[in-house]
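This document starts with one chain, in the form predicted alone, laid out as structure tokens.
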Amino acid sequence: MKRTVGEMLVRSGIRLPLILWSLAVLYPIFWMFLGSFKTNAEIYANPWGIPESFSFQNFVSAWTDYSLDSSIFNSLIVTVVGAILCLVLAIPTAYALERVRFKGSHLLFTLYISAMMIPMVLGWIPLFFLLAQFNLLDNIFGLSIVYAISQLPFTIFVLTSFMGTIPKSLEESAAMDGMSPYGILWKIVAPLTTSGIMTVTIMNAIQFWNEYFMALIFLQSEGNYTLALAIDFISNEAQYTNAWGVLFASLVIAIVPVIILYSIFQRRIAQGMTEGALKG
């Protein structure tokens, strides 16, 4: 009995801080969802209460009056192009570093991993002038390239862990049958690392969808704004027009896809990261 009570106390001591932390994180999100269905009068009169009538007018205003549809489209393009480009660059690089042994390969891999420790903010000014020279400033495809390169070290690090566990006998058999190195990579190695590829793709996509600072620096015209910049614009407008309901609705539109995506692939992400850590 004493052992049972002691175990309950230990478990309660572990779970209680986690429950309190979860409530502290979830309550503002819940309050934001409620605010998105309120009028400005309701927000000021009863900011913490339930809406009297759930109205979708804030969502309509955010979509039409603030051109949130074009910002969502820009974010979607940046996210998809950035994630695909990152994979196209990372998969061959990870395979070369893991399987093709050449002079300086270990040093090159160390440099890639070391790049994960360098704050991205240190490269913003050089990148600004570099994009300007290539006429890619204020261009969503230029921003996609920056996003892809920024996540390249992390993606390579994860993929090399998965590729290192693939038996070399499979590649040797394919080479004896006359398959080219590129065929071995894309037809044998890549399908066997699907778990790792999906994990980094989802994590990169969430990162690109939510990114704000690089978009603020490299995008200038409102027509190229991503969703994060559009919400920042609405936030500044709300201070003078009291469009708080529209701001809450915009935030809901921004976070719902991330919540759905993470909820669907949560187990796969955790499983992929765990497998990558164990295999590495």
Partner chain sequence: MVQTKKQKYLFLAFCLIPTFIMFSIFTLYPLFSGLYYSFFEWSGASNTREFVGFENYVKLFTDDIIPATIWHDYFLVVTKVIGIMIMALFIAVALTQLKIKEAPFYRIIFFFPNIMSVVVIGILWMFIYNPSLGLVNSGLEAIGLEEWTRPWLGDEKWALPSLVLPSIWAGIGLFMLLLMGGISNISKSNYEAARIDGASEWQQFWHITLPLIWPQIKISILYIVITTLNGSFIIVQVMTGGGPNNATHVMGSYLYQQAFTQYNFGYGATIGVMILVLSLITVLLLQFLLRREKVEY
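Numbering follows the first chain given and starts at 1. Nothing here was measured: the structure is a model prediction, and the numbers come from that model. Each form is matched to the other, and the largest set of C-alpha atoms that superpose within 1.5 Å is called the rigid core.
Keep in mind that the form predicted together with the partner chain is not shown, yet the notes after this line are about it.
For the chain shown alone, residue 126 is a contact residue for the partner chain in the predicted complex, at least one non-hydrogen atom being within 4.5 angstroms. By the criterion of a heavy atom within 4.5 Å, residue 95 is counted among the residues contacting the partner chain in the predicted complex. A residue is said to contact a partner when one of its heavy atoms sits within 4.5 Å of a partner heavy atom; residue 217 meets this definition for the partner chain in the predicted complex.
Among heavy atoms of residue 259, some come within 4.5 Å of the partner chain in the predicted complex. Checking 198, 108, 76, 84 against the partner chain in the predicted complex, a heavy atom within 4.5 Å turns up for just one residue: 108. Only one listed stretch (204 to 212, 190 to 198, 68 to 76, 159 to 167) carries heavy atoms within 4.5 Å of the partner chain in the predicted complex, and that stretch is 204 to 212. Residues 248, 251, 254, 255, 258, 259, 262 are the members of 248 to 265 with a non-hydrogen atom no more than 4.5 angstroms from the partner chain in the predicted complex. Relative to the superposed rigid core, the position of the CA of residue 19 differs between the shown form and the other one by 2 Å or more.
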